[in-house]
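First, one chain by itself in structure tokens, the form predicted on its own.
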């Protein structure tokens, strides 16, 4: 290749890449408004709460922030809103080991912040952040119906099994030893706070009696 050919390849190659970049940028900008839901007054109020308590100083959201605490971009997809509200108002009452301090947040502020987090959860981020791989949590090759229900309802977002999963709720690695009664688990799944006072866990009222039993029977195998 001659010097002139190499120079032309560099120049025209650079121009082609620039044109492609411009086209992709225009295409992306044209689709941005379609990738996010409408911003309501409540969402705007929640964003102000987010800034008031400097949440971005510890958390990441939509690619911005710190990595000291969990990414909050899809928070309401992985945590029930009822749990989030209780946690925001008094974090250590829900999880004594949490590093998050209590800010004295009011119920209204918590509701507004959750509205903002729900808005970000509905933004089309092309699959980012990726969900953690938790399929091996039960340590078995063939999943039972109960284990599949555990995964389907994303219980691992709050609970750990064999070191895999979230820490918002109790570790379930040995729950079968601690709570071997299937009926106790069924009652707990139906109405958590009726069995464990002040529980932040939501009730699984959408599950059938058979599904509740299958999930409970899976939990007592965790030993």
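What you are looking at is a predicted structure, and each value in this text was computed from that prediction instead of being measured. Positions refer to the first chain, counted from 1.
Omitted from view is the form predicted in complex with ligand HEC, to which the following refers.
In the predicted bound form, ligand HEC lies farther than 4.5 Å from every heavy atom of residue 122. Heavy atoms of residue 41 never reach within 4.5 Å of ligand HEC in the predicted bound form, leaving it off the interface. In the predicted bound form, ligand HEC stays beyond 4.5 Å of every heavy atom belonging to residue 177. Put simply, residue 54 is close to ligand HEC in the predicted bound form: some heavy atom of it is within 4.5 Å. Residues of 202-223 that come within 4.5 Å of ligand HEC in the predicted bound form, judged by any heavy atom, are 202, 204, 215, 219 in sequence order.
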